[in-house]
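Take a look at this one chain, the form predicted alone, written out in structure tokens.
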């Protein structure tokens, strides 16, 4: 982090710089399609990773480095949230912006509860219909079947979560603190990022965590993952522009490439134990375990290296961003909440098909994975079409069912 702040800290203070706002926002213009593209890609990768023993999961980035699609999703979520609500805070003030953020938090929470209900029904039905209780154990809902009254309360306060449902509770907690994050960044953006890093270090040093039900801790520790979310917000609110000189440096590019190659060869030793002799014992002792729960610094650095090279290779005006081939990915990224929930549902459905119907054949792995991606893309297109139609009706002054009679 110090390398990012050094060019700013070392710059001489002038009257103009002192009068400048702590955060800066680019002018409202065309949508940043790269963010939508990679958020959509993260959703596809999460779906593939959530299919147990999925052969196509070998195509996801988790097998070739320390980080995975979760880092992409959380960083972009922080970036886009700060871009949208940071502008609201600058224009409308803290209270109005906070109210809008809380409304979004409520939407995410309702989506989580709805997904929880549907997921429980899906798993319970399959387990009973096919007389296979292992599904309830695999998906982590055994405690719900034993104590449904207690478990539902724990689920509502985000302490109980079945398998594959850890991302939304993390996102809810991070968004709850977004008003404070934006308020601090409006004061001093770089200091806010530094405070986030301090919290991250304190969390590791004192082993801080949020407890889960019935035992254990949150799979994604918000006190650690907030660093990536805040870093995304910092980049959106002028940080990316301020460190553009560092990011465009050839030295930075080579350091990032070298780190990615190093991470690739380390992960090879995980998949091929016979290559274990390539890893010195002292290095293993220093590196392992690489915690996903607490966002290990090696994972964070791996994401930064990927992001730096990606930004360098894919400029904002990259022509394929407007192509029809990438349109499904971009649409999924633009409707990430709905598509993520659908992906969790489809992942278990795919698990059921691979286990009970197909005999776990490689061809079925491909077909189930492709079917899930096509369904997610189709749903994203339907949502986009509906919103375009609603916008056209609103411009024409035509009412719709959502507006009739007020809110329910």
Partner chain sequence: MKAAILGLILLGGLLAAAPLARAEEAPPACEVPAYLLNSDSTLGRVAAAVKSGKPLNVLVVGSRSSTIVSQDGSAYPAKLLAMLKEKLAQLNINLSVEIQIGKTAEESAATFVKLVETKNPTLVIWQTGTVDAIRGVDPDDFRSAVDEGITALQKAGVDVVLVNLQYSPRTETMTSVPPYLDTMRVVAQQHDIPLFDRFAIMRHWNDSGDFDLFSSTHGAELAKRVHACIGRALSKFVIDAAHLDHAQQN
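Positions refer to the first chain, counted from 1. Rigid core here is just the name for the largest C-alpha set that superposes within 1.5 Å across the two forms. Since this is a predicted model, take the numbers as computed values, not measurements.
One more form of this protein, predicted together with the partner chain, exists but is not displayed; see below.
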**OP:** Look at the stretches 281-289, 243-251, 104-112, 180-188 and give the one with heavy atoms within 4.5 Å of the partner chain in the predicted complex.
**Re:** 281-289
**OP:** Would you check, heavy atoms only and a 4.5 Å threshold, whether residue 277 touches the partner chain in the predicted complex?
**Re:** yes
Original post:
Closest heavy atom of residue 207 to the partner chain in the predicted complex, within 4.5 Å or not?
Top reply: yes
Original post:
Given that the partner is absent here, does residue 139 sit within 4.5 Å of the partner chain in the predicted complex, heavy atoms only?
Top reply: yes
Original post:
Taking heavy atoms only, is residue 211 within 4.5 angstroms of the partner chain in the predicted complex?
Top reply: no
Original post:
Which residue among 259, 219, 300, 83 has a heavy atom within 4.5 angstroms of the partner chain in the predicted complex?
Top reply: 219
Original post:
Of the options 337, 163, 173, 199, which one has a non-hydrogen atom that comes within 4.5 Å of the partner chain in the predicted complex?
Top reply: 163
**OP:** Taking only heavy atoms into account, state which residues of 120-137 are within 4.5 Å of the partner chain in the predicted complex, ordered by sequence.
**Re:** 122, 123, 126, 129, 130, 131, 132, 133, 134, 135, 136, 137
**OP:** Examine residue 125 after superposing the rigid core and state whether its CA is displaced by 2 Å or more between this form and the one not shown.
**Re:** yes
